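Quick setup: one chain, the form predicted on its own, written in structure tokens, and binding and motion questions come after.
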């Protein structure tokens, strides 16, 4: 499906890129008051765009991104704004439609009132849109794009765990448990293929051999045949998209004796809702995600502050079947807005090139960021390093679902 969608998205990109130049009129700005950092943005309002699924089966992602972004926007505005300008979020709901995602990205890229764009989600969608951002010199931040690289971009940054770090962390975990073989059950999309390549190339460094890659289909009723083909593998890497729950259920049905592993999408309680008790024991790699860890005294300070603000303003998601809970926010999206704020203040400017350079030069400690991860993008334009990526295991007891940090020492 994503291959076909990407073709449509690429076609849409060709059409809309041509239109982008026509919509890039410079806004007429009036001087704004000096902000808390002692400089003037020269405008009364800074707009931040969000391109995300706000409706449909993946709406929880878009809503969570918007909520976390709004918490930081409220923080910025309470502190006097960015260079004295108030901040406002402009959202485009694109569902899971790649053509809509590229069209929305192009619209916001060409709008000079928009200083930062977050999204579109999903690697294939971003791959189809990123050239438009570069052509329009639009600073953008991606908290839901795990695949590909950002080190060849001037204006694009990633605030999610990259697949290379996810795979590395999981391979370290498997080595610590003396697991030597792994299979993959995943869509045949860009992300699935990159995971396959990484497991194949990096696995031997940790004594882990890739024994198979089963590519799923959107019309699969069950993943049982895939799991059965990989029954001898000590671990199976599952999709971070909704189909991963089918693999969990199939593993339980097949009485699979290995461990299921995956990327940060597996933190979503929709997996628990779909797979039920079959999700217990699944290990996933993710940037600092401490909410399911019950001892809040162990939470990073910035993460705790942000997450509790989300709970107070928006509440929590509760799975109707499992009772599992998650905050109605995602701190890695908040990091995009927080980093832009700090970079604009450092540059004392809203100029795209200056702000992008300032973002790359940021060094924000993990004690202050919403995610609880240090932000040091550098030349690679990656907010997070491997040090921030943890390995968590879903577990269940009499009090319900929780996670344990199972990151290997060292």
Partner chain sequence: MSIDVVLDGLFSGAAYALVALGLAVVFQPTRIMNFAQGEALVLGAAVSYQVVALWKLGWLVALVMVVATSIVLGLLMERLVILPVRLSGSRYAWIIATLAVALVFQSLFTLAYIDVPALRPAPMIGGQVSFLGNHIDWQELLTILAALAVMIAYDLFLRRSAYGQAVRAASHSADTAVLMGIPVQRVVMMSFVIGAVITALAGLFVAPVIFVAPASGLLFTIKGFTAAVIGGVGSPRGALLGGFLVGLLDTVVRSAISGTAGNFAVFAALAVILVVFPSGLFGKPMEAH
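This is a predicted model, so every value here is computed, not measured. Superpose the two forms; the largest set of C-alphas matching within 1.5 Å is the rigid core. Residue numbers count along the first chain shown, from 1.
We do not show the form predicted together with the partner chain, though everything after this point is about it.
Shown alone, this chain has one stretch from 194 to 202, 222 to 230, 308 to 316, 113 to 121 that lies within 4.5 Å of the partner chain in the predicted complex by heavy atoms: 222 to 230. Scanning 242, 131, 293, 89 against the partner chain in the predicted complex with a 4.5 Å heavy atom cut-off leaves one residue, 242. Of the residues 168, 93, 74, 273, just one reaches the partner chain in the predicted complex with a heavy atom at 4.5 Å or closer; this is 273.
Contact annotation for residue 164: none of its heavy atoms lies within 4.5 Å of the partner chain in the predicted complex.
The shortest heavy atom separation between residue 218 and the partner chain in the predicted complex is within 4.5 Å. Although the partner is absent here, residue 300 is not a contact residue: none of its heavy atoms lies within 4.5 angstroms of the partner chain in the predicted complex. Taking non-hydrogen atoms only, residue 324 never approaches the partner chain to within 4.5 angstroms in the predicted complex. Residues 56, 57, 60 are the ones in 53 to 92 with at least one heavy atom within 4.5 Å of the partner chain in the predicted complex, listed in sequence order. Comparing the forms between this form and the one not shown, the C-alpha position of residue 294 differs by less than 2 angstroms, with the core used for superposition. The two forms, fitted on the rigid core, differ between this form and the one not shown by less than 2 Å at the CA of residue 137. Core-superposed comparison between this form and the one not shown: the Cα of residue 321 travels less than 2 Å.
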